[in-house]
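Next up: a single chain in structure tokens, the form predicted on its own.
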Amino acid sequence: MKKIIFSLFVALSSVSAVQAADANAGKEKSGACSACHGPTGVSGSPMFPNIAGQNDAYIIKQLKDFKSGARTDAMMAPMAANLSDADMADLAAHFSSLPSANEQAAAASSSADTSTDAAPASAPAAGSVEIVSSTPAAAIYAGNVAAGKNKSAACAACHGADGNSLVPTYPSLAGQSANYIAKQLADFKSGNRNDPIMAGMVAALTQEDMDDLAAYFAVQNTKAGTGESNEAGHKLYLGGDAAKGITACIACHGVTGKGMKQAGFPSITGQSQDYLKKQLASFRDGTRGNDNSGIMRNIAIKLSDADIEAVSQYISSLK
């Protein structure tokens, strides 16, 4: 009888959460989810489930189970750790409202057929479109690349003229996601990310300045890592550590460390070991806390000094 009453309580709690959910808020909170489950809830990898069109009560229950440990997964545990009941309900409302994988595939097929029928005879051949990086490129970047180049002189001393830093304590910005760079600049200005040098550098920057700088550095070429590989770091990067509950770095940053721009996960290729170690240590001790949903803090707090040394060395070798 007690089990039945408890089950009814859980079910009623899930129903109550669903009723109070906000799908629009869930969409805003879903950036971190898209890395594995896709921006439309349809995963591009067979390792991760499709959640578009899934029952909202089921999604809520799974998130709660990942958070409580009733369901174990080294990747989902840190993702769910900082989610409130409202967050879970909002995310569930968003993903449950999306068309299922089959519905999306059918719509894409129908759209492709229509596009083929309606395509003009004079349509340019694939690969013939010239991309000019000196224009505002509003369809890709919020900022103006040329304007960003003119404004980047003050950045060159630490980050390099082309965004590839020659100083191991400073990050390379070349090829980094424009959205990520703009967010970091805004966080330095607001105080959400603390650094005495950067605080002074960003104090007078407008949002337009930040967008322009972000666009400029985003289109520069990233130089390959020059560090030595590390076997222990390699294993941690690709597979994590289930015993410690450490999520594999590959889940968010990809096999080659290029990150996932749409999800807000930065590229870490080309960064020095010194810089990487400092950031992981800062996430671990909480002196850096501007990561989305506390993802990096939840992972870094489980890393030993030896883990940080090994994985940062391996990342610095990525090409």
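Residue positions are given as counts along the sequence shown, with the first one as 1. Keep in mind that this is a model prediction, so the values were computed, not measured. The term rigid core refers to the maximal set of C-alpha atoms that superpose within 1.5 Å between the two forms.
Not pictured, yet referred to below: the form predicted together with ligand HEC.
Student: Of the residues Ala242, Met198, Ala146, Ala161, which one places a heavy atom within 4.5 Å of ligand HEC in the model of the complex?
Tutor: In short, Met198.
Student: Report whether the minimum heavy atom distance between Lys189 and ligand HEC in the model of the complex is within 4.5 Å.
Tutor: Residue-level check for Lys189: no, no contact with ligand HEC.
Student: May I ask you to state whether Thr169 is within 4.5 Å of ligand HEC in the model of the complex, using heavy atom distances?
Tutor: Residue-level check for Thr169: yes, a contact with ligand HEC.
Student: Using the partner position in the model of the complex, report whether Ala251 sits within 4.5 Å of ligand HEC, counting heavy atoms only.
Tutor: Close contact exists here: in the model of the complex, Ala251 approaches ligand HEC to within 4.5 Å, heavy atoms only.
Student: Is Gly257 close enough to ligand HEC in the model of the complex to count, meaning some heavy atom within 4.5 Å?
Tutor: Judged by the heavy-atom cut-off of 4.5 Å, Gly257 is well away from ligand HEC in the model of the complex.
Student: Can you name the residues of 279 to 293 that have a heavy atom within 4.5 Å of ligand HEC in the model of the complex?
Tutor: Result: Gln279, Leu280, Phe283, Arg288, Asn290, Asp291.
Student: Establish whether a shift of 2 Å or more occurs at the C-alpha of Ala147 between this form and the one not shown, with the two forms superposed on the rigid core.
Tutor: Comparing forms between this form and the one not shown, the Ala147 CA shifts below 2 Å.
Student: Would you say Asp87 moves between this form and the one not shown, meaning its CA shifts by 2 Å or more once the core is fitted?
Tutor: Yes.
Student: Once the two forms are fit on the core, has Pro266 moved its CA by at least 2 Å between this form and the one not shown?
Tutor: No; that C-alpha moves by less than 2 Å between this form and the one not shown.
Student: Leu238 and Asn82: their C-alpha distance differs by 3 angstroms or more in the model of the complex. Do they come closer or move farther apart compared with the shown form?
Tutor: Compared with this form, Leu238 and Asn82 lie closer in the model of the complex.
Student: Relative to what is shown, are the Cα atoms of Ser267 and Asp87 closer or farther apart in the model of the complex, where the gap shifts by 3 Å or more?
Tutor: Compared with the form shown here, the C-alpha atoms of Ser267 and Asp87 sit farther apart in the model of the complex, by 3 Å or more.
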